[in-house]
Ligand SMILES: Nc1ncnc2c1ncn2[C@@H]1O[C@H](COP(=O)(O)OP(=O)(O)OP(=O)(O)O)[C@@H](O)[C@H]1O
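Before any questions on binding or motion, here is one chain by itself as structure tokens, the form predicted alone.
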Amino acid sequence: MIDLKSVHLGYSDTPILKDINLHIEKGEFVSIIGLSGAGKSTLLMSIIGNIRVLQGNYQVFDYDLCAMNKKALRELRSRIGFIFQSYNLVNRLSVLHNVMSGMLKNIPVGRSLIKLYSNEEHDKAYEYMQVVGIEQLAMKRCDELSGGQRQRVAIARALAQEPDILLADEPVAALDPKSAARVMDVLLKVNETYGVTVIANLHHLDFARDYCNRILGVSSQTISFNGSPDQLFDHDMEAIYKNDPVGMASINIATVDNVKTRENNNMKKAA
């Protein structure tokens, strides 16, 4: 599905990431972790062709990102949903109409302008709202919602696009822990229910460990770690966060707590 071989990514002729070798299969839930400014967003945005490929071979689906015309780029992006930290909703519109906006590629312009949708389109919208748990808020304006609710609207809107890949750029960074966990629950449900490949930039290592089947660690202008959560050890985290000793301390504490919680849960299951 996504395949990078010896890829350099950057702006103009300046590489931000170098020598990236990566393969992501359909249906994976992948997190990208690393320091702010390490290149997490560069890697994520490159998947929709927003970052220049300076060197190497880069394939997404059957598209060659090293040589794409505008038509091919539109086709590629139509198959990829994007969730932003800032939600990017139309606040004056209802939840329902924001979700419906994800279907615009399949709705004639005339009908979309007067918000005239078919019964099938309404049914699909309600299905996606139910998946993320906001169907009871369908007629509320988005500026009346909490941050966690808005992010779930954004996920439902992305689902309405019927994507093969869902990209999330720091989707829980602005949320309180409870709301953040609920959003991660929703992303996992989307991944498991629809088989959508989910790739998320995350600052919370515990979320990366608990929800994702693969973790990519970005540091020193490349992917320094690529493996399952169980393969991520202290020396890997030190390499990823080596220029942030304060952050490493908090991460290690969180990791210890997380391991204890996991051990307790395993003991309960065994009992």
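Each residue number is its position in the shown sequence, starting from 1. The structure displayed is predicted, hence computed values, not measured ones.
In what follows, reference is made to the form predicted together with the ligand, a form of this protein that is not presented.
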property	result
Distance check, residue 46 to the ligand in the predicted complex, heavy atom within 4.5 Å	no
4.5 angstroms heavy atom contact with the ligand in the predicted complex for residue 203	yes
Partner contact for residue 36 in the predicted complex: the ligand, 4.5 angstroms, heavy atom	yes
Non-hydrogen atom contact residue 209 with the ligand in the predicted complex at 4.5 angstroms	no
Sole residue of 226, 41, 59, 55 within 4.5 Å of the ligand in the predicted complex, by heavy atom	41
The ligand in the predicted complex: contacted by all of 11, 16 and 170, heavy atom 4.5 Å	yes
Among 66-74, 230-238, 28-36, 209-217, the region lying within 4.5 Å of the ligand in the predicted complex by heavy atom distance	28-36
